[in-house]
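First comes one chain, alone, set out as structure tokens in the form predicted on its own.
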Amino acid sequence: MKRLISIGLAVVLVTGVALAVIFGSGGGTDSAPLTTVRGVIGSEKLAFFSDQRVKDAFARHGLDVQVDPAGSRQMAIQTDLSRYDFAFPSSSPAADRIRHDHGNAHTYAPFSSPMAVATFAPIVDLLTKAGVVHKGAGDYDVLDIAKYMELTANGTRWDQLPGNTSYPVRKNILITTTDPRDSNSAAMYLSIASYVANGFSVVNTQQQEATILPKVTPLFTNQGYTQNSSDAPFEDYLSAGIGRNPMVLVYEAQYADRLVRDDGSIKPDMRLLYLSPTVYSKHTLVALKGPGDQVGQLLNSDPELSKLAATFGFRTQDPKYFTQVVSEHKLPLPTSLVDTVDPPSFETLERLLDAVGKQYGA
């Protein structure tokens, strides 16, 4: 009998410990279920939202955030947003259009990324000798867009640059972009080029649009085939080297993310050129429904999410997080940029993009 009692007590004890472990870890039936929040985002933010640390941070606030990628322009004018709690395009003009079409919904701009050019050391040297690249306020290189557009207007080839023995290729000097009919990064590039072509002024009239279009359209149509996602040309840059695309338009965050990962994808001869002027692509979340508001608020105010965003290369509202990442990882990136401009209004940018897009068919 004593033995049976001892066995019974042991069973009760083991059961009690097991239940304590289960309920103590939040795995019991009393744990609150997560609220599923669905969003559509620019593809360049997919790695951030897919990261387990980000998922865990949202889960601590009771949210299971699930996302689908889409182009920012596509998001603003083509995507059925009724299925989503928030839309998170990569530019403020696209977000303004979505907000206007959805009863002036709340918007949040938790982080941004300036446009830049991923290139190679020999290209930087060639363009420096040609007077197109110069040093910025810090230890970083800057591509002068006005001087670059002079080269493209003259149809200058790489092998026509004086003293070029490092990249004597018989093709025009052009930055590789995405398709302007689909992608936000190409739209941001058009914003920069149109500003320069308009006498260093934001385009805001249809007369100005007509004047600058012949100057900016060849920057796109002379490239040949272009891809519709900013990830694709950047991956080509990382894998194919200088031979295929010597200069690729990127978000700074894409390049910074790979530097932080330190996974060997950024080779010793790879360089990042900042643009003068440049545009900050302001990643702006539009809360379409209640749960989307909570995501926007957390991205704006939660320190953990801000720190994680900075590790993916994004410049957060509080600059200290990006500065910390640059310092900790010894990144060759400036913590501030001064030569920046605003993109045109959504309506102006749409007309410019449509006009450029029609020339592909022509």
Partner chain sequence: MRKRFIALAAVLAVGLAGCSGGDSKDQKQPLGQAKAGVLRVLAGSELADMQPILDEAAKATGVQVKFTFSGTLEGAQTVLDGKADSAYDAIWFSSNRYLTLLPGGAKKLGTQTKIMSSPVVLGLPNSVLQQLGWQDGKVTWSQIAEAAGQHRFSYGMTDPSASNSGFSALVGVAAALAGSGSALTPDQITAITPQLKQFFAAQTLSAGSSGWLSDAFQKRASGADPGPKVDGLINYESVLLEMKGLTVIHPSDGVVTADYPLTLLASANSDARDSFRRLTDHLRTPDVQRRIMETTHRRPIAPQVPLAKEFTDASPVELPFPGTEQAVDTLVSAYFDKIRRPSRTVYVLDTSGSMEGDRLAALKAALSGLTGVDSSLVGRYRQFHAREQVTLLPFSTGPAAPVTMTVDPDNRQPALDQIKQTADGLVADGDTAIFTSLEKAYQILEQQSDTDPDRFTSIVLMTDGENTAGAGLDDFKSFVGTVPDRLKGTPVFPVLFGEGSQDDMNAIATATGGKVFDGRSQSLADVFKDIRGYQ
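Residue numbers count along the first chain shown, from 1. It should be emphasised that the depicted structure is a prediction, and the values quoted were computed from it without experimental measurement.
The following text describes the form predicted together with its partner chain, which does not appear among the structures shown.
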At 4.5 angstroms, heavy atoms only, are V169, N228 and G264 all close to its partner chain in the model of the complex?
-> yes
In this chain shown alone, the residue from G243, G103, G131, G290 with a heavy atom within 4.5 Å of its partner chain in the model of the complex is G243
Exactly one of Q78, T165, T205, S82 comes within 4.5 Å of its partner chain in the model of the complex through a heavy atom, and that residue is Q78
Although its partner chain is absent from this view, report whether R258 comes within 4.5 Å of it in the model of the complex, heavy atoms only.
-> yes
Answer yes if any heavy atom of G199 is within 4.5 Å of a heavy atom of its partner chain in the model of the complex; otherwise answer no.
-> no
Heavy atom of L333 within 4.5 Å of its partner chain in the model of the complex = no
Does at least one non-hydrogen atom of E150 fall within 4.5 angstroms of its partner chain in the model of the complex?
-> no
Spot the stretch among 315 to 323, 58 to 66, 290 to 298, 333 to 341 with residues whose non-hydrogen atoms come within 4.5 Å of its partner chain in the model of the complex.
-> 58 to 66
Any residue of 134 to 162 that, in the model of the complex, places a heavy atom within 4.5 Å of its partner chain = R157
